[in-house]
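Next up is one chain by itself, shown in structure tokens, the form predicted alone.
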Amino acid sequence: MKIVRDLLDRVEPLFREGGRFRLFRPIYAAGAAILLSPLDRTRAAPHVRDPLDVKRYMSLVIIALLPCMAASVYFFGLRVLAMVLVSYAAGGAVEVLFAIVRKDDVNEGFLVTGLLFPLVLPPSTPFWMVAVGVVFGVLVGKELFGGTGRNLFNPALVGRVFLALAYPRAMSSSWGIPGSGLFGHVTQFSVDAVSGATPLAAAKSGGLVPLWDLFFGSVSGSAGETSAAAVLLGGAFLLLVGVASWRTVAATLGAFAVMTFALHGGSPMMTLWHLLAGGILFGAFFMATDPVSSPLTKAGRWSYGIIIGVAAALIRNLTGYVEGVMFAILLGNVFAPILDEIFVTARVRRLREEG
């Protein structure tokens, strides 16, 4: 790595203010940060590092997503990888453009958004639609709020909801039937794939997919959400390394299970079935736990998760939508700031009274 460090140090003056390539400083800084440690260092002691900096968060979430990515490629073919490349290219272009305009660095957090977005799409989604969705999500969901750390909503979900509302027919007819291995039904780089009903859509008509298929992922659905085993494996990793809040996950899944149990006449089997079907597990572990758009207080995280779990169950079971997780998480994002304010204010008031 010393060779890479020496090379980057040698060309770095070209990207400084007054250098020949100063406008492309964000691109240089992003590449250097990915390859090596952050460029900015304190010159004297004490040297303090944030235990959860952006780079560490990005790396751990990407590692956690690898089981979901592997499962999606196995069941739906190599086309999923192409969707990821399109997502990175289109969304990354927006990030770079805004970084150049603002004369700021490109935040590595987009590497997570760029991977999450195609995993919440049907595997046969047209490539142009992937590009449009991720551009909208990054632009409207993050950059218009001021960039990473200032966004109210999860950018990947903003792009997903936009596609669902703008192109409902295309988004409801792009479900691929899982193939066998890398070269399955939707491996081709086209949308002329066999389309099948998702487990939740089939359930609306009275048919239930076996729990075994839901657990391992041999069902139709969004690319990264069909295998509950892969999601649980990646989610457990996020909890173990402390990136995801276990309170948010527990509150989301607990509230969803309780509400589903009540709506289905106290049936434990139907409750388990709904927990494994659709995107509730993926949403609880990977989307609801986004540290920027979720609450920071412990009590806020419990309340936030309950809002998402209850809303997801109600939308899924009592509306025309077969899945309500993405809408429920965006609803939770709306409440996140006020939840923190409520509990922080209550805590300060209680401390003053005790003092």
Partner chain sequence: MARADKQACATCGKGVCDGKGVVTFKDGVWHINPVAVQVLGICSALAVTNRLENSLVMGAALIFVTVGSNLFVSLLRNITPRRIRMIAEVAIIATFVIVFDQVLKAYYWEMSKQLGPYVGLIITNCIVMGRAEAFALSNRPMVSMVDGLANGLGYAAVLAIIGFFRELIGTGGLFGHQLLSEAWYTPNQLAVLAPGAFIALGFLIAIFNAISGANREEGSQR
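Everything quoted here is computed from the prediction, not taken from an experiment. Residue numbers count along the first chain shown, from 1.
If you look for the form predicted in complex with its partner chain, you will not find it shown, but the lines that follow are about it.
Shown alone, this chain has one stretch from 137-145, 75-83, 270-278, 110-118 that lies within 4.5 Å of its partner chain in the predicted complex by heavy atoms: 137-145. Remark: P168 counts among the residues lining its partner chain in the predicted complex, judged by a heavy atom distance of 4.5 Å or less. Using a 4.5 angstroms limit between non-hydrogen atoms, W212 is distant from its partner chain in the predicted complex. Using a 4.5 Å cutoff between non-hydrogen atoms, F237 does not count as a contact of its partner chain in the predicted complex. In the predicted complex, its partner chain sits within 4.5 Å of a heavy atom belonging to F162.
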